[in-house]
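First, one chain by itself: the form predicted on its own, in structure tokens.
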Amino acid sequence: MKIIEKPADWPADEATAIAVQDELRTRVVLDEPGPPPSSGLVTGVDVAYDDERDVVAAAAVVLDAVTLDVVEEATAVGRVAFPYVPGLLAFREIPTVMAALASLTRDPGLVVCDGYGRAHPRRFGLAAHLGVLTGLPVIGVAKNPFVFTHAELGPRRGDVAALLADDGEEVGRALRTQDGVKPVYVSVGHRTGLDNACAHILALTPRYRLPESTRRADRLCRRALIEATA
């Protein structure tokens, strides 16, 4: 498998990466609702790392949004493109994620990232970054709230609580996807609204805490990493 190298002009240090985030953040589109839930296609993207070998594997898994059946999948393997710095994780993986998306033969529809969008210290997590670079509608779904807090939410599937920044801005929502299980954390990336994003995640979680898009992409990228580093 071809190894994806980072672009020649890719940021090499923290200050440059933050400057890129600040510039690209101005291009985020927040006034579109996004595609309606349970329609068209939804694509999950995820990555797996082997830091000792400096390798990252990315997977893109396209699901029918109605049946949640897999209709296409693609992988790419690349070099880790940036050091580990909290808040700058997108720079480690985006070149490889974009290569996986580019390998698909159809429009990905809505893209669901295992990560953050607006729920980020500079309001520009992976979902926002990927959305701006690709032009696709993208939402982020994370397993923890990163640096934000929320009130207690109810115990039932569909219960929500706002993720709040220090200034009171709602940057995302804690969303209970199954009765009595820990919530996931949904935030807008690009060309979607928060209400719609939460509705999509509920449609993608008929049985488990995490969206089917994330579960399928996680398995595929782990398998791709094992094959690439064997």
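The first residue of the sequence shown is number 1, and the count goes up from there. Bear in mind the structure is a predicted one, so any value in this text is a computation, not a measurement.
If you look for the form predicted together with the DNA, you will not find it shown, but the lines that follow are about it.
Just one of 102, 153, 147, 71 comes within 4.5 Å of the DNA in the predicted bound form, counting any heavy atom, and that one is 147. With the partner removed from view, the residue among 131, 78, 125, 108 that has a non-hydrogen atom within 4.5 Å of the DNA in the predicted bound form turns out to be 125. In the predicted bound form, none of the heavy atoms of residue 136 sits within 4.5 Å of a heavy atom of the DNA. Looking at residue 95, you'd find every heavy atom of it more than 4.5 angstroms from the DNA in the predicted bound form. In the predicted bound form, no heavy atom of residue 25 sits within 4.5 Å of the DNA.
Looking at residue 157, you'd find every heavy atom of it more than 4.5 angstroms from the DNA in the predicted bound form. Taking the DNA as it sits in the predicted bound form, the stretch 185-211 never comes within 4.5 angstroms of it through any non-hydrogen atom.
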